[in-house]
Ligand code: ADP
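Taking the form predicted on its own, here's one chain by itself in structure tokens.
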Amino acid sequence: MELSKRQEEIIEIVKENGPITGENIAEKLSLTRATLRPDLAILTMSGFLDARPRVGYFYTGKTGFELLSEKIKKYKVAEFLQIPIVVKEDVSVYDAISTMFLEDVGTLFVLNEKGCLSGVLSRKDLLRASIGQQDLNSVAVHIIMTRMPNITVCRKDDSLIDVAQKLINKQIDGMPVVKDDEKGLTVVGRVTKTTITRVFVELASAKIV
């Protein structure tokens, strides 16, 4: 987050004089309390300052990098998951390739007859199946998909940074967001490397508070 010159001046004043009231900060800057209110709100919400009723503002001592790190660690999968693209076990490899192309995704999630997760199809899986002389219309995806327990999954309340680490460690493009059901695992969303990249770009652009 990039601070304005006035916000930087406020931080320096609080560093040197804290705890200090908003009125006293305004007086030192020769401004009104109302004029400073938006800046103080931003600095408090961002974590640079802390405020206590009837006492005033304190400097937290945290750098911008530390505050950014803390913010990222608080993000949960539920805030950023996307709609999952799913296919049934009996769908042909040809149709799965068409679905992946039309939906512009890198991973498909395969559901069994109960509607629960039974497999995952990556670009590599479909490319591997396409090599050779076999008729792709006659090969069902359940033959080539990656099956449980070799599927990496996450849940809504998982930390986004932990999921990002799993994507890197497993060298996969995406994973299903699931919830436990008496029939199995129900797919409720997806998280991909593109999801993670978008979050960091928006964060850098200060679009995420």
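What you see is a predicted model, and the numbers here were worked out from it, not measured in a lab. Numbers follow the displayed sequence, beginning with 1.
The discussion below concerns the form predicted together with adenosine-5'-diphosphate (ADP), not included here.
- When adenosine-5'-diphosphate (ADP) is considered in the predicted bound form, residue 76 lies well away from it, no heavy atom lying within 4.5 Å.
- Among heavy atoms of residue 161, none comes within 4.5 Å of adenosine-5'-diphosphate (ADP) in the predicted bound form.
- The closest heavy atom approach of residue 122 to adenosine-5'-diphosphate (ADP) in the predicted bound form falls within 4.5 Å.
- A residue is said to contact a partner when one of its heavy atoms sits within 4.5 Å of a partner heavy atom; residue 172 meets this definition for adenosine-5'-diphosphate (ADP) in the predicted bound form.
- In short, of 114-122, 77-85, 135-143, 91-99 it is 114-122 that has heavy atoms within 4.5 Å of adenosine-5'-diphosphate (ADP) in the predicted bound form.
- This chain is drawn without adenosine-5'-diphosphate (ADP); in the predicted bound form, the residue among 32, 69, 165, 150 with a heavy atom within 4.5 Å of it is 150.
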